[in-house]
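Quick heads-up: it's one chain on its own, the form predicted alone, in structure tokens.
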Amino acid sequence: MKILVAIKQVPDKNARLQIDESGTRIVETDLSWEINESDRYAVETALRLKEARGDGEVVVVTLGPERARKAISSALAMGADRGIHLVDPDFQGGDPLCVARALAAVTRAEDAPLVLCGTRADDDGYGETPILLAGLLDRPAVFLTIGVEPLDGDRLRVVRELEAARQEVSEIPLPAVLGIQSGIFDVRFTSLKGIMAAKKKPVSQPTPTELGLSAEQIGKAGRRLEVLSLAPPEKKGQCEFIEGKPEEVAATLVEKLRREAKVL
């Protein structure tokens, strides 16, 4: 079974972000980049499904500029078989619907019965791509997937996370799209052998024309969502440390709760 895994390169979670002069983008100079967290779990899930079945192919695909090739290399080092990089300028600058259109075209070209995505990206946090992709492909979709195992035939048993610590267990037919939640499995360690092997694995760069897409369907030309401005979160509170002996700290805290917070 061929499994297509959509991954995204995002800024390192510990990076200090700055907004550029336009007020609509972050400054990318000198930033460190990494695979989106839930996408790493999607890659791990695909590799485990392949191992459980004893055959198949794991193909990773990313949409992004030249720097995003590093995300593909990281997934190949984990064990994916090959990569697809949608690096053509016409793909860039789109919204989740444009990304889903591009991924849908790749899925059809690859004839992949199973597509795995992370639940949401750590940078924009839309969480729309898996569902939009499933709609475009007319496939069943499971969001917030925290467990998956192959069954006999073209079926999967899938566990979905619900509210209040509840779970939903379903059996779904293939083809399908799964949105993988972080923590579904322990992500494997990338070995030096895997890193060296990744350098020899193929990475293709199909153009929109080769995928049957027009410029009006993708990238800046096809987007319906426009970012008007970015701003850092407002500071709405503050933290105060109270020092001293336990009885002094308790007395001070009670006094502040009574006079300042007015909750007593």
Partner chain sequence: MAKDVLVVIEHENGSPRRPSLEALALARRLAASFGGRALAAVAGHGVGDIARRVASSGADTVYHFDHELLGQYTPDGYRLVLEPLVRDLSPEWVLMGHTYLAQDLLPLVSARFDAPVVSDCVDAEVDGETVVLSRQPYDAKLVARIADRGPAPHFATLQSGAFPADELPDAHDGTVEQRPVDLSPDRLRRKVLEVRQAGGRTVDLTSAEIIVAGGRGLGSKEKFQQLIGQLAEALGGAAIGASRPVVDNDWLPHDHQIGSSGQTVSPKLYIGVGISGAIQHVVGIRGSQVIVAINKDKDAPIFNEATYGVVGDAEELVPAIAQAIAEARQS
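Think of the rigid core as the biggest set of C-alphas that the two forms share within 1.5 Å after superposition. Numbering follows the first chain given and starts at 1. Note that the structure is predicted; figures quoted are calculated from it, not measured.
Note that the form predicted in complex with its partner chain isn't included here; everything after this is about it.
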Would Ser214 show up as a contact with its partner chain in the predicted bound form if we use heavy atoms at 4.5 Å?
no
Using the partner position in the predicted bound form, report whether Asp138 sits within 4.5 Å of its partner chain, counting heavy atoms only.
yes
Do Glu149 and its partner chain share at least one heavy atom pair within 4.5 Å in the predicted bound form?
no
Wondering, does Gln181 line up within 4.5 Å of its partner chain in the predicted bound form on heavy atoms?
yes
Those residues of 163-187 which, in the predicted bound form, come within 4.5 Å of its partner chain by heavy atom
Glu163, Ala164, Ala165, Arg166, Gln167, Glu168, Val169, Ser170, Glu171, Ile172, Pro173, Gln181, Ser182, Gly183
Displaced residue check between the shown form and the other one: Ala251, CA, 2 Å or over, core reference:
yes
